[in-house]
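Have a look below at one chain only, the form predicted on its own, in structure tokens format.
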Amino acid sequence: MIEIKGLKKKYGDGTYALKGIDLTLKEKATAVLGRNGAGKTTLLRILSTQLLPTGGHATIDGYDVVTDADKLRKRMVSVPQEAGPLGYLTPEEHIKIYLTARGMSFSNARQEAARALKSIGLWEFRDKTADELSGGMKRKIFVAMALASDADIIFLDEPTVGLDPISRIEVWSALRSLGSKMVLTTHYIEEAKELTKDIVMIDGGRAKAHGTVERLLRKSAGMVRVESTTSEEGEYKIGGIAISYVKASEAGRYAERGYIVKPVDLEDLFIMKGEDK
């Protein structure tokens, strides 16, 4: 379990990336969802002991991410979004080198590498260099490394950013095998819904909402989103789009006036007022 109390991070230029986050994350796959610059990468870097907080504290299974960092690093794996494989190494070589660096014997590393590669569909490509693989397969190498490590918790920062749709599906398939060990950041609504049970929404360095998809959308049940690029009428203006939220029973009237009608989804929680938790 991850306990976060009053977590803050202020950078040297005076910018607060986190402004006091309080969260309890239990043992289930969790997505930290937010726009670019929301603070989700900073949060993940602090939890994975790569960055020191400015204030507050966080613990993982009772271990403090600052004072117990050495102990936690033996139990976790972190895959940053900018991670890229070495082009001249094969998937099998990546995993064996990684596992032996973590202290595993070469014999066990070979066995665990084979198990992980087979489980995510990379076994037949084990002898190809990373330069010969697709973008999705390259990301799957890191998922395989995480699987093979048998870590207690795995942090992934935007694991499918920049991937084409087919590659994204490949990586999703691999990530599902991580189960409840996984905490990932993403700004893709669909990815959060597809891979996780628990969702944290961060905006402006604050936790905006937390819970299952069903719980987060409960307040907007029976509502739809209507938007127009020609009308000035709207509760919210984003770019040249006027957006309002109305009862589903009124959707037909708006559609007749040329509005686009959409079901309310998680992204709407970033738009609606009064949703801060």
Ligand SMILES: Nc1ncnc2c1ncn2[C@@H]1O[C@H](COP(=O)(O)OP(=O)(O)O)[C@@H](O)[C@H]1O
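What you are looking at is a predicted structure, and each value in this text was computed from that prediction instead of being measured. Note that residue numbering begins at 1 and tracks the sequence as displayed.
Not on display, but discussed next: the form predicted in complex with the ligand.
Original post:
Just one of 28-36, 60-68, 214-222, 247-255 has heavy atoms within 4.5 Å of the ligand in the predicted complex; which?
Top reply: The contacting stretch is 28-36.
Original post:
Any chance residue 81 has a heavy atom within 4.5 Å of the ligand in the predicted complex?
Top reply: Because a heavy atom of residue 81 falls inside 4.5 Å of the ligand in the predicted complex, the answer is yes.
Original post:
Just to confirm, residue 17 within 4.5 Å of the ligand in the predicted complex by heavy atoms?
Top reply: Residue 17: contacts the ligand in the predicted complex.
Original post:
Counting only non-hydrogen atoms and a 4.5 angstroms cut-off, does residue 41 reach the ligand in the predicted complex?
Top reply: Residue 41 belongs to the contact set for the ligand.
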